[in-house]
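Next up: just one chain, as structure tokens, the form predicted alone.
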Amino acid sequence: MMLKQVTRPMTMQGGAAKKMTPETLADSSATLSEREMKRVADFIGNTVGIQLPLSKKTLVEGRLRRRLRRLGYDCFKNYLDFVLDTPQGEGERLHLVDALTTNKTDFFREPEHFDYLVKAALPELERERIRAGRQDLKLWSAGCSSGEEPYTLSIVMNEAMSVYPGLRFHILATDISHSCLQIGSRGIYTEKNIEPVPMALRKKYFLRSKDRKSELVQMGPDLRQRIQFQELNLMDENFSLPHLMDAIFCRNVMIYFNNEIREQLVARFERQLHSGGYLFVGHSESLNGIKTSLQQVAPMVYRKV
């Protein structure tokens, strides 16, 4: 399904658009019924593969209530009728998906994976790149959220250039969340966001605001120029990237999918890897029980051989 950005949504009642006043905006009394929860869960499951059981109703209600307030709806039913049942609501579907798929991430999350990439995988990948005459290594952060993972990759790969002087690389960072991709593209974070980054690397790669009272930093150009942020739905059966990848990081994404969708996604990742390429998944995830020819070479690290 192609999702377009919203233009001017209105509430729909009795087939006619009704403009809401501040007095009629959704308030804290708006509740999501089980039937409405099922409508949301079915749409999200079919669109992006994420499973939303009834136990998530409070979370869904809280996140969507902000959309109701923003657009001036007085109840979830009117909002969902507009978004899911009318052509005019197609644009708002992007925001519905965005509200329910934004996930927390951190710099240097699960650092063992970055150590393995540099110390074990990179020597093999670089030798194969040179042998095959390829211009650069290509890494993919699939489900990149607000950009912390691809920027961490850029940091560790930049650092590796001191060991491999001829190393060249490019990082593709994809997500379905429009708002997360905007944050990643800007590369601006708070001081608290970057606390996991060692101080020496902060000084080397992060730019501070000229306003000394500001707690914001921006990723330096050496990091940003190697990353391409792009919207991509992992559930799109026809997604095909222009280049095969040497390493794919898809961590803490598949935990939201059922086994059937996980198996389909792993098969797509395998097709998108060079021979000898690596797939990194989250420590809370596993390919156990999934049919794949990828071989496990380290905890939650798999290789196409």
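Predicted, not measured: the structure shown is a model, and the values here were computed from it. Residue numbers run from 1 along the displayed sequence.
The same protein has a further form, the form predicted in complex with a small molecule, not shown here; the description that follows concerns it.
Using heavy atoms and a 4.5 Å limit, would one call residue 109 a contact residue for the small molecule in the predicted bound form? So residue 109 counts as contacting the small molecule.
Check whether residue 272 has any heavy atom within 4.5 Å of a heavy atom of the small molecule in the predicted bound form, and answer yes or no. No, residue 272 is distant from the partner.
Exercise: residue 101 in contact with the small molecule in the predicted bound form, heavy atom 4.5 Å: Flag for residue 101 set to yes.
Would you check, heavy atoms only and a 4.5 Å threshold, whether residue 137 touches the small molecule in the predicted bound form? Judged by the heavy-atom cut-off of 4.5 Å, residue 137 is well away from the small molecule in the predicted bound form.
Name the residue from 193, 105, 158, 78 that puts a heavy atom within 4.5 Å of the small molecule in the predicted bound form. Looking at the other structure, the residue within range turns out to be 105.
Between the options 71, 117, 172, 235, which residue brings a heavy atom to within 4.5 Å of the small molecule in the predicted bound form? The option sitting close enough to the partner is 235.
Check for me: heavy atom within 4.5 Å of the small molecule in the predicted bound form, for each of 151, 220 and 225, yes or no. No, none of 151, 220 and 225 comes within 4.5 Å of the small molecule in the predicted bound form.
Counting only non-hydrogen atoms, choose the one of 31-39, 240-248, 58-66, 44-52 that falls within 4.5 Å of the small molecule in the predicted bound form. Residues of 44-52 come within 4.5 Å of the partner.
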